[in-house]
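Next up: a single chain in structure tokens, the form predicted alone.
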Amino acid sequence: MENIERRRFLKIGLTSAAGLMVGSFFGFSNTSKQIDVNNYDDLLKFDWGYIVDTTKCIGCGSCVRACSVENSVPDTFFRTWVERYEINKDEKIRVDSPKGAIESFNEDNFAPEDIVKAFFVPKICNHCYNSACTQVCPVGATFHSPDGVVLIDKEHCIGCGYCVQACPYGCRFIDHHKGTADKCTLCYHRIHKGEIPACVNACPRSARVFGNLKDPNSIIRKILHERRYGLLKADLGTNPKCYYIGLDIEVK
């Protein structure tokens, strides 16, 4: 089974890449290293993870726009989006996300004088270790790459939508133009070129951090060691890899 997975990944994930450079830029290890992408075992040295710092997010939507352009995301769908949470003095919660945050958060949900707390929460695929989507796919089109990214084999996906229904984070959709499932890939095509995901690159407040969880010297590992963080829907046992700093209890 392991040999089959190796051959399958090398065929669909690496054939278009000549090499993988992990550079010394924000979110990555501070030591550059050239990796032969034809070597499956070398990729096992990496486990890509993600941090969202909600205390820094200003809801500008730059991340959403960058993702949409970079990945040609169909209109009305999102690989990443930003939600605004507002809590009033009666402890009522309102959540909005105007076109994923591509449009501005202009209209208040509550009267301004009644709002006691408001904040923004970016969301993406959590690339879970125990992902529900990979478990329900009837044809094995959704799978884990050797370096820890949940991907979709578009050649095998039949567009049944089981993964969309199973994902507890609402991060998947069916691209009706292609008839296949789609979602965030952490810009897998970019990290193969030594670049960070488009959303991380576009954030003006460095509210998003990306890096190798297996590298103790990477920025992401240092932040997780120094800061308290939370997980979305941790009780479901999916073991997500998107770590949230400043996560409020109101966030679902």
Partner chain sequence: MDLTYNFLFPNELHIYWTVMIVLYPYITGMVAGAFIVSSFYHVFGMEKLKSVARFALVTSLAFLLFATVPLLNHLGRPERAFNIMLTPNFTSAMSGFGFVYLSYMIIVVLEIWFSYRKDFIAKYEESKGFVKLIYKALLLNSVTTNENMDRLDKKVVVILGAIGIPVACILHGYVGFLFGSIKANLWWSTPLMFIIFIFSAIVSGLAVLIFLYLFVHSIRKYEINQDSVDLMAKWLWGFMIIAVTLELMEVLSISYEKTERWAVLQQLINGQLKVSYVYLQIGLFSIVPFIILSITSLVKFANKYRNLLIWVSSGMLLLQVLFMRWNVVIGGQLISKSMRGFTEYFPGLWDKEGLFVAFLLVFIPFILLRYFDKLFPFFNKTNK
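What you are looking at is a predicted structure, and each value in this text was computed from that prediction instead of being measured. What we label the rigid core is the largest C-alpha set whose atoms superpose within 1.5 Å from one form to the other. Residue numbers count along the first chain shown, from 1.
Keep in mind that the form predicted in complex with the partner chain is not shown, yet the notes after this line are about it.
Asks: Consider Ala111 of the chain shown here, and say whether it contacts the partner chain in the model of the complex, taking contact as heavy atoms within 4.5 Å.
Replies: The answer is no: Ala111 has no heavy atom within 4.5 Å of the partner chain.
Asks: Flag Gln165 as yes or no: does it have a non-hydrogen atom within 4.5 angstroms of any non-hydrogen atom of the partner chain in the model of the complex?
Replies: The answer is yes: Gln165 has a heavy atom within 4.5 Å of the partner chain.
Asks: When the contact criterion is heavy atoms within 4.5 Å, does Gly100 count as touching the partner chain in the model of the complex?
Replies: It does: once the partner chain is placed as it appears in the model of the complex, Gly100 has a heavy atom within 4.5 Å of it.
Asks: Please run the contact check for Ile115 against the partner chain in the model of the complex: heavy atoms, 4.5 angstroms, yes or no?
Replies: No, no contact at 4.5 Å.
Asks: Within 4.5 Å of the partner chain in the model of the complex, do we find a heavy atom from each of Tyr40, Phe210 and His225?
Replies: No, none of the three is in contact.
Asks: Scan 81-101 and note down the residues that get a heavy atom within 4.5 Å of the partner chain in the model of the complex; none is a fine answer too.
Replies: In sequence order, Trp81, Glu83, Tyr85, Lys92, Ile93, Arg94, Val95, Asp96, Ser97, Gly100 come within 4.5 Å of the partner.
Asks: Rigid core aligned, does the Cα position of His176 differ by 2 Å or more between the shown form and the other one?
Replies: No, the C-alpha moves less than 2 Å.
Asks: Take the rigid core as the frame of reference and indicate whether the C-alpha of Asp96 shifts by 2 Å or more between the shown form and the other one.
Replies: No; that C-alpha moves by less than 2 Å between the shown form and the other one.
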